[in-house]
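Form predicted on its own, single chain, as structure tokens, below.
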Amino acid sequence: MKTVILGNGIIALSVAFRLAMRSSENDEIIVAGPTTRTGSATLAAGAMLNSFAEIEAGSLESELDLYRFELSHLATRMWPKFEKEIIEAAGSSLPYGCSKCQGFPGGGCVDIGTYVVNNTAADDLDDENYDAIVAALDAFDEPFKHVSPRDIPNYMPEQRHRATRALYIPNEGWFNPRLMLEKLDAALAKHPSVKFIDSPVDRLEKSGLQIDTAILENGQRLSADHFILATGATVSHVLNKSDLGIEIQRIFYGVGVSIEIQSPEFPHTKCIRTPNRGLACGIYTVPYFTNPDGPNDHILLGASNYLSPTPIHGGKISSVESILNAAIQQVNFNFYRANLVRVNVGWRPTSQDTYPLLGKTSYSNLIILSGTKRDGFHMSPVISEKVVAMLYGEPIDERFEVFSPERKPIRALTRKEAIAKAVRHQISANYQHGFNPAQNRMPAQLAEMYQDGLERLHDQVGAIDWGIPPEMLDMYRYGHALS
């Protein structure tokens, strides 16, 4: 069997790895993607294995969202074994940063332990989401404990942004995603069935009901038994150039910025984060191991999210400023003395309905993997396992078909629910960015203004019996998303 994998982010490489582990002498696995990995969501990721810490109020109320959480929770439990398999496969070829890696727990680039803080930097949406996290931890019997914010190592926020509550989730951890990609690259490079090509895909060509050829930007033409399109946010661009005649909802560029710093005096040993807030994941600071012989004093700060119909190659100054201010004010005011190492920009693939596009298409030998937003790294063990099962004709949970790439957009929210959620999140975002209302009815008036504007937008796009996902508002407002 010959398989061409288009893309070289964490999901593409995870699929390639699982295929390699099952390959026979005559199998071929080609991974095509630029070594520069421009816009890679993986390289900008916090790579937190957070399932419970990402829960929001109301996010587990539907069967679909419960299933998505089930997969997320499963992925957290799968990572220790998955990483161990990668280490064993790479062997002596492990890159220097991973050369002494022993895997979970405390294996260097990976560890477990996440603190969630409920602070006063935004509004009471934080309180609701924090309560939802606690309720889910209790409901699923997940180990956790309430802790005093004062006992969190190197948690030293400015006084006006201090946490009033905090909890510790011992089984949710973090990676250095750069080292994980290097580790996967090393394991795959030594495998006899795997070949890398340093070029992105340009388009696909069909023959009947099958994909016949993948044409790369360097002009190279690749034939195969199976094609896996896993190029992240550029999937729609590739499909548009391919003219395959299949309808797949648009994938947008969730442009995210994360910042790597060096903080010798105040290093981190655990992840510290807020609940999700203001259409994003709040503020987080994650230990960022770089090599086994130096001090572990690098930290990743994140993250921003700016949805765009086209790629943006540089992070916005406002994103960098807000992340730095939030980390200094809400996590450790001593970060102002830290050294700036790198600003990462990644394009999180975000579908129009905000659910992932995963699985087979009308072309019998084409699988599409995209739309994972900020969950791609976390979910890669689960996604890759299911994709390999598809390729080998093995049964998988029929519920997974809900993510079929050619489905109609999922209308998960009613109009009323979507508008109410958008109002709450937009006001929360305002408070995060310094909103200080006058002592009158300003907060209520602002909510009324947002409500009126959202009602009009829903009318304009024909969203009468369904609601626009809050993070998609601008894409609908400016005509980039179709009703």
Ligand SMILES: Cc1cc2nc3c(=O)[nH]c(=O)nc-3n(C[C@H](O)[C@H](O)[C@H](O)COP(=O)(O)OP(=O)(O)OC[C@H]3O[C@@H](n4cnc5c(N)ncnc54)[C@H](O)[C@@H]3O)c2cc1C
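None of the values given here were measured: they were computed from a predicted structure. Sequential numbering from 1, following the sequence displayed.
There is another form of the same protein, the form predicted together with the named molecule; it is not shown, and what comes next is about it.
The named molecule in the predicted bound form is approached by Asp375, whose closest heavy atom lies within 4.5 angstroms of it. In the predicted bound form, none of the heavy atoms of Gln352 sits within 4.5 Å of a heavy atom of the named molecule.
In the predicted bound form, the named molecule sits beyond 4.5 Å of every heavy atom of Gly113. Mapping the unseen interface onto this chain, Thr234 counts among the residues with a heavy atom inside 4.5 Å of the named molecule in the predicted bound form.
Shown here without its partner, the chain carries Pro34, Tyr284 and Trp347, all of which come within 4.5 Å of the named molecule in the predicted bound form through at least one heavy atom. This chain is drawn without the named molecule; in the predicted bound form, the residue among Thr274, Ser258, Asn129, Thr76 with a heavy atom within 4.5 Å of it is Ser258. In summary, the region of this chain contacting the named molecule in the predicted bound form, judged by heavy atoms within 4.5 Å and restricted to 437 to 445, 34 to 42, 452 to 460, 411 to 419, corresponds to 34 to 42.
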